[in-house]
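Here we start with a single chain on its own, the form predicted on its own, put down as structure tokens.
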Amino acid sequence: MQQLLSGFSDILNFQTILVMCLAITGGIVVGTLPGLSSVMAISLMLPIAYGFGPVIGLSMLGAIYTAALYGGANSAILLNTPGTPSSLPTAFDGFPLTKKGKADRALYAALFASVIGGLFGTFILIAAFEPLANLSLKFGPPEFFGLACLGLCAVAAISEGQVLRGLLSAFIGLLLSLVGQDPVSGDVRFTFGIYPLISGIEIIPALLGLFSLSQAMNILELKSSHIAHYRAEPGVLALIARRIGVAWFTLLRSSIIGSIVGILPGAGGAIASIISYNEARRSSKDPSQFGHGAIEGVLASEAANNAQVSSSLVPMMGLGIPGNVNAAVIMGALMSFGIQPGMGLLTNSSDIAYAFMASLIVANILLLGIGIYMVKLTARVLLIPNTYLGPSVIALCIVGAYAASYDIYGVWVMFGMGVLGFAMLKLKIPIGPMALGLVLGPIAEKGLGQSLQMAESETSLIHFAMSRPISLGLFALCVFTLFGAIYVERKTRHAKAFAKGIDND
């Protein structure tokens, strides 16, 4: 605690706070714009961070990371266009709220949930730094395969009323994720002689096409002048505060899931937010609201999304193993300052380490203040006529797809997926399950392939399975989730039938 207080004293000065405020503002903008990622923002800011020195520089990078992950929710809510893959579940309920003229509710819910999740993840980082770093080492290929399968179980949750179409959509997504090289053997599949496909379907351009380009085409086709009616809601902050008080357990559970998933190298925020959304729906008293504008869906997704920001730094700081690309870039910044990540970090460079942790707490508090002001600005997007909004989104899609891969191949992937997504919208096939298949497919395939190789060295498959208790627990959760989805589906049908019977009477 004494070292943490010393860290606060190092960053609570005018220069550091000003730099962090500018970084948060820029991070929100970058996260909101489709295709522009937190990795890009952090990478571009590295030379500037190096000029500031370790304390201010790392505080700036942490603030950008925190704000950019939250910023992805804005475009997901307003345009049904997730700014980041981890904002994908946010769009399931955020955009329906926008269509109902309740965009402010969704935007403020996402902001408050992001701050709560971010603070929770940071406190976990500070309180359980070393044991969590050791826990991350216990996750191998079988555990990642189980985690990906648990995420794919969410297909049942987001396909209510159209399960067959949802499964078809997820199957297409998984099939597309197989394009390119096998992650284990290196064999090339489904490229049809097209050389760029060897590297596979790029996730960011694909999601831009599925959600952004298809939505832009849909916007241009609308007869109405605006994508949705917007009017600022009076007293919306008090309303969201009350909803947070009611849904405190959802926020806590989602923050815990995000923190646990965040420490696993390579898992990513998408798995955290998908699993949290699925658990929120499964345990809800009224699961029929999910997918149609449930505030709890936005809260669950965003709390998990930002909780994994700080926890994703645990393996990097504790073991010198970056958990994701963002952590790898921040690790590069640490090493450029002459600081070696690892178990000796808290003893050899404890002043800088605790100042960085303290800055993550301050960044989330500043995000709340800046975000409340910026929500009023971002919501104005809905006031732009469709004749201008549609072409603007298409232009951002092209820029984002090229920026994600620095290759025209990414733009072609975006256009191809956009046409496919638009066709699926017309056929009333849900796009969400397909996106889940694209995001989780590579993780599941790599985990399965490596697990089978590991099992070959064991005397029996049963012996191998019994030696992985975490993996068995995850598959047990998969079974529990699927049966839970069946129960929720039946409960929803009975509730609708009962309501219809009352109306008829």
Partner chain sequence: MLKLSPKESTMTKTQLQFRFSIIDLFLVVIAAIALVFLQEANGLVKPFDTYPKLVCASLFGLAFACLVQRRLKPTSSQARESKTKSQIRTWTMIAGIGLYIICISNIGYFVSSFFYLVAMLQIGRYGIDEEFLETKTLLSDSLIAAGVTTAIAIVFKVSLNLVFPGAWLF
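Residue numbers count along the first chain shown, from 1. This one's a predicted model, so the numbers in the text were calculated from it and none came from an experiment.
What comes next is about the form predicted together with its partner chain, which does not appear here.
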query: Contact test, all of Phe8, Gly31 and Ile260, partner its partner chain in the model of the complex, heavy atom 4.5 Å; finding: no
query: Proximity of Arg231 to its partner chain in the model of the complex, heavy atoms at 4.5 Å; finding: no
query: Asn218, heavy atom within 4.5 angstroms of its partner chain in the model of the complex; finding: yes
query: Contact test in the model of the complex: Leu168 vs its partner chain, heavy atoms, 4.5 Å; finding: yes
query: Contact flag, Asp351 vs its partner chain in the model of the complex, heavy atom cut 4.5 Å; finding: no
query: One residue of Leu396, Ala247, Leu119, Ile126 in contact with its partner chain, assessed in the model of the complex (non-hydrogen atom, 4.5 angstroms); finding: Leu396
query: Heavy atom within 4.5 Å of its partner chain in the model of the complex - the one residue of Leu377, Leu383, Ile408, Ala241 that qualifies; finding: Ile408
query: Its partner chain in the model of the complex: contacting segment from 424 to 432, 247 to 255, 103 to 111, 297 to 305, heavy atom within 4.5 Å; finding: 424 to 432
query: Partner contacts in the model of the complex for 1 to 26 (non-hydrogen atom within 4.5 angstroms of its partner chain); finding: none
